[in-house]
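First, one chain by itself in structure tokens, the form predicted alone.
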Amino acid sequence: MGKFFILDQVTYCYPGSEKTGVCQVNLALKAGEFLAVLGANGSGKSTLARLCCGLLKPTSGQVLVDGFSTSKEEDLCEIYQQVGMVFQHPDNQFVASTVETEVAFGLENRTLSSQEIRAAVDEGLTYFHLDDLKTAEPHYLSGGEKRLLSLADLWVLKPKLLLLDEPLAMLDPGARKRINLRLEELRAAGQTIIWFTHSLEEVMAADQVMVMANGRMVWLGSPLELLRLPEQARAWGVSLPPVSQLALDLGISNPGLINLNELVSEIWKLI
């Protein structure tokens, strides 16, 4: 199977500044893969996310989605149909006055009949458990409800690539669980995902983890491989899973601990 998404020596310099946001990043993904991009604030994650969906154009190098380049104006329409992005702050992407019309907004820009739009909106509202909120104003929803709505907005458009910028940030445990469940279902259905975060715990199911630091890709491997480099991960600004962090604080050197039972077993060995 060929590569569906390619970053080829992608570099981005901020306009009017000598500062480089992203520097010579290379990556290739197959359709259906789940990539996590990890790093501290200011590492270049959000800039890279915007490069991936065509909101920013690389200063040099290429971003290719199914062979289409974000640097070519004639390719952007196709890319915008294939790539969907959930922003860290969902309010920034809401444009309609009710949940129902918000979900319908993107569909109305497609060549679909009113019946097809109605069916897709109803399906999206049901799938993300937003039926009872369809007449509510998006900006007055809870944080978790806003995140579900931003996912519903994209899900009804069926993008081939889904970009998630800190999708669980500032949410309570219940909201995190609900959103994780939806995302796990999308992943199981073969959705190609790139998840941008500082938290390794959120992306332990990823096929690959890419770590960013100072705009550069500094590491690429599996989540478990990164878990076995706890000190280096912390130096890059990556938050370890709580159990792993506790083991490290207790001086337990066994790498790869991710659940409480494993930690308890290690503690018993020390008694």
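Here the rigid core means the biggest group of C-alpha atoms that line up within 1.5 Å when the two forms are laid on top of each other. Only a predicted model underlies this, so the values are computations on that prediction, with no experimental measurement involved. Each residue number is its position in the shown sequence, starting from 1.
The same protein also exists as the form predicted in complex with a small molecule; that form is not shown, yet it is the one meant from here on.
- Though the partner is left out of this view, residue 42 does reach within 4.5 Å of the small molecule in the predicted bound form, counting heavy atoms only.
- The shortest heavy atom separation between residue 208 and the small molecule in the predicted bound form exceeds 4.5 Å.
- Not displayed here, the small molecule is approached by residue 46 to within 4.5 Å at the level of heavy atoms in the predicted bound form.
- Heavy atoms within 4.5 Å of the small molecule in the predicted bound form belong, among the stretches 33 to 41, 217 to 225, 61 to 69, 235 to 243, to residues of 33 to 41.
- With the core held fixed between the shown form and the other one, residue 9 has its Cα displaced by under 2 Å.
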